[in-house]
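This document starts with one chain, in the form predicted alone, laid out as structure tokens.
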């Protein structure tokens, strides 16, 4: 286990603090995030870094590997987190330039949260599409604390039932996104038998999603034991390269997404997948993937949250692909 004690300096000449956890040090200037560790260093455009960092924090390190790019990222072990550089990069590993340190999740998260808050300037929202946010570049200028600490809107009851949180329609406060102006906002009529009015419900799922103010952020809308149904709206580029530790199922609900699929361990190309409305795809447990959505689209992600799956796949007790054709 690494030393999880967070350290940060006085602001640099651009106005930003530096942060450190274990042997990893993080600094930013007007354009780039600089990551260094004993024996190596890496540089990323700061907007790309912050978009990935936003999701790593918001998703509590997600399932499996969150690659910020081809070099830096985190691996979730659900209680501990590996922070790595070059671990899943064949070139770094071949030259023994990779580094990995393991911390408790509650050691990493405060450091990442503080860095995200300090490095995100006024007008920039790491969760929004490029056209909907300002620039991440330049010297320190205010902050966007509201955006980087936004909380999920949670319904009191299943959406559509009486007394749910008003997430639907104009009363929600969320506007229909510019790319979903053609989505029908009409709610379905429900005619329940007497006595069942508070138990039978329906709502316009497409209208609901059309008001999402974030991108590439799966939100759980249905839970049955370990089965999680997670819809999301996507635009531009998925800010991370996700390395699976279980199979993920994708259902394309509207428009299209292009997926680059590579080997989980090495990044070697495996497939190029173009999903159009109505398409269904399974992302295997031994790959990493990144999506590109030319127009804002709707995607349904099915996740199996069974905590035993990562070990079963790692020990090859389960095949990485769910179906053989």
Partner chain sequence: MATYQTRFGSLQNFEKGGVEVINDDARNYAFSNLYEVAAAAEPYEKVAVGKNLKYVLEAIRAEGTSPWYTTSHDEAAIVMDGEIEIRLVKLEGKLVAEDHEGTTMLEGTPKGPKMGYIVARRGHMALLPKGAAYQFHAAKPGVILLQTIRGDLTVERWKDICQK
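Residue numbers count along the first chain shown, from 1. Note that this is a predicted model, so its numbers are computed, not measured. Between two forms, the rigid core is defined as the largest C-alpha subset superposing within 1.5 Å.
Below, we turn to the form predicted in complex with the partner chain, even though it does not appear here.
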Each of 148, 241 and 267 having a non-hydrogen atom within 4.5 Å of the partner chain in the model of the complex: is that the case here?
no
Contact label in the model of the complex: residue 163 to the partner chain, heavy atom within 4.5 Å:
no
Although the partner isn't part of this model, could you tell me whether residue 273 comes within 4.5 Å of the partner chain in the model of the complex, counting any heavy atom of the residue?
yes
Please determine whether residue 261 contacts the partner chain in the model of the complex, using a 4.5 Å cut-off between heavy atoms.
yes
Does the 4.5 Å heavy atom contact test between residue 76 and the partner chain in the model of the complex come out positive?
no
Answer key: of 225, 152, 175, 95, within 4.5 Å of the partner chain in the model of the complex (heavy atoms) is 225
Please identify, from 248 to 256, 109 to 117, 132 to 140, 86 to 94, the stretch that has a heavy atom within 4.5 Å of the partner chain in the model of the complex.
248 to 256
Which residues in 60 to 96 have a heavy atom within 4.5 Å of the partner chain in the model of the complex?
none
Would residue 131 count as moving between this form and the one not shown, using a Cα shift of 2 angstroms or more after superposing the core as the test?
no
After fitting the rigid core, is the C-alpha of residue 159 off by 2 Å or more between this form and the one not shown?
yes
